[in-house]
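Just the one chain here, the form predicted on its own, laid out as structure tokens.
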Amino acid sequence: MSSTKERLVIIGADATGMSAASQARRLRSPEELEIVAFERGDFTSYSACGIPYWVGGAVDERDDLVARTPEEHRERAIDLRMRTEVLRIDVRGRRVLARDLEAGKEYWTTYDKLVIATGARPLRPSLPGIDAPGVHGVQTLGDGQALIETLERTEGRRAVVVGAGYIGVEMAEAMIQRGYDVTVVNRGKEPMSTLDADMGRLVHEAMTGLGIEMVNDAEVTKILTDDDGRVRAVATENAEYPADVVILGLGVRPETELAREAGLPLGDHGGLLTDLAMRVRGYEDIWAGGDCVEVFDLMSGRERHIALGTHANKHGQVIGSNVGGGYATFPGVVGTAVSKVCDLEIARTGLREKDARAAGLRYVAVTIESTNRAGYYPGAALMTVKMLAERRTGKLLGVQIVGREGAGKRVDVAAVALTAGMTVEQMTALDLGYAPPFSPVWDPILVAARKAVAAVRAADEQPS
């Protein structure tokens, strides 16, 4: 390799890795920068978030979820090596050890700059029967394909989803769409632990109304199998729930074993720690992004692990810009997320009540009910908005929304307000769009802000 040409090595070829590669290539030619990317799987640049909708039938084909194929990346002078797993990072020697999974061959590749985009791994508890046929996770396109193949050859119509976070709720919807009887086993008091329990209760009631059996406060102890070794039920301490298929939706953890073995810095949640430019802290020529890193929470001032494609793609753009000779930063997040189960939309941003307490904040919390459009307009439906504001200052701290059509994306108004550091009183003057098909005269976000203003004033009048 010539002294003037640098080599960028990327571990992981999904959102962060290939966004970084593409952005770096825009800024630097193949004569200036050689890009080598390793991917142990069969696909690149795909939407893992879309897998539940593919399984449920809303998305027709697997390849609809693929944004860019390996061939398309190679056409842009990116040396993409599929089915190749990186086994070791030698920081001192500035090289990585890779294994071609098809040929079984191992070899070293040196780097001038390294990007770690290894993603996250799904939680799969060590339980009896967890590896039985019919038990599925849904982290990759391959996982989704395997689940669909199981569903197509399984005669029974009973599905048990373990976990009631985003993936669990979305997979419950997918199975309802496929005509299955669905049971969700959840160890929390209510589904969607990213919400406060009172808002999670609304999700619980709606899921029950859809015909989903919700089993809360329950820990799975084993997967029961039949004489052929296939799954037949999920067992908790107190009951058994018949199942022809089991789907695990227990969340993910950062995939950072390579980084750990290389001595790179990890945070309390097991994710890599980076600076604002997405460089691994303490290492000038190593970057990391996506589900394998921890991000700075602008509201709590703490590092968090949040596995979202939005962050992963932004991280890749930042990394690619910096590797390519430009400059970009990722300042942090406010914790915005949105999901749905059938026609129920669920959204949140900022702090929950327990987050605010953990941060030592004094706050008020208000909850309002409103409609997604003018009450007289056809299709008007209720939504519930919960809003937290800091006492004394009135600074917005967090918003949670549960409702029907048009509810979920209203959280974006709150996310912008949080990022801008607005008070709830300032929010009441926001010039939001209005027409009867889209909103009441007073948008639900503004109604909640007005009630929060009153709560802040009332709290100020009380003795400290």
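Throughout, we count residues from 1 along the sequence that is shown. The model shown is predicted, which means the values in this text are computed figures rather than measured ones.
This next part talks about the form predicted in complex with another copy of the chain, which is not shown.
With the partner omitted here, the stretch from 328 to 336, 199 to 207, 356 to 364, 117 to 125 that lies within 4.5 Å of another copy of the chain by heavy atoms in the predicted complex is 328 to 336. In summary, among the residues 110, 393, 310, 221, the only one with a non-hydrogen atom within 4.5 Å of another copy of the chain in the predicted complex is 310.
The putative spot formed by 140, 142 and 148 is not touched by another copy of the chain in the predicted complex; no residue has a non-hydrogen atom within 4.5 angstroms of it.
Among heavy atoms of residue 44, none comes within 4.5 Å of another copy of the chain in the predicted complex. In the predicted complex, another copy of the chain sits within 4.5 Å of a heavy atom belonging to residue 65.
Interface membership of residue 33, defined by any non-hydrogen atom within 4.5 Å of another copy of the chain in the predicted complex, is ruled out. Among heavy atoms of residue 55, none comes within 4.5 Å of another copy of the chain in the predicted complex. Annotation for 420 to 434: interface residues with another copy of the chain in the predicted complex are 420, 422, 428, 429, 430, 431, 432, 433, 434 [heavy atom within 4.5 Å].
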